[in-house]
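Take a look at this single chain in structure tokens; it is the form predicted alone.
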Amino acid sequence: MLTPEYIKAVIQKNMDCVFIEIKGDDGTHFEAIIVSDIFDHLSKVKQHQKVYDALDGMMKQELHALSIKTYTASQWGKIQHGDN
């Protein structure tokens, strides 16, 4: 069964992240918040594609449902300080 910790480790191994949080306790449905400067100047679609690439094929087999929220470090800082 997949765990949030395992998914986080796979993403961190394949992508430079400022912050990453994975939630999910049923082994099949997960939510991710990923903050990385590689998202800078990319559309949300391209940002999510970067995450799928970092998952190293897991979306095709093991991981069936992942809700993704992506932010640049600048966007994340504004959210954390209530400047959104």
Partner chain sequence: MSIEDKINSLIENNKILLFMKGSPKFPQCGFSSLACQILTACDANYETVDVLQDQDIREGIKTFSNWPTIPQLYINKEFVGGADIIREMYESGELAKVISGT
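Numbering follows the first chain given and starts at 1. Here the structure is a predicted model, which is why all the values come from computation and not from measurement.
Keep in mind that the form predicted together with its partner chain is not shown, yet the notes after this line are about it.
- Within 4.5 Å of its partner chain in the predicted complex, a heavy atom is found for all three of H48, A65 and I68.
- Its partner chain is not drawn, but in the predicted complex it has a heavy atom within 4.5 Å of K44.
- Among heavy atoms of D53, some come within 4.5 Å of its partner chain in the predicted complex.
- Heavy atoms of I33 never reach within 4.5 Å of its partner chain in the predicted complex, leaving it off the interface.
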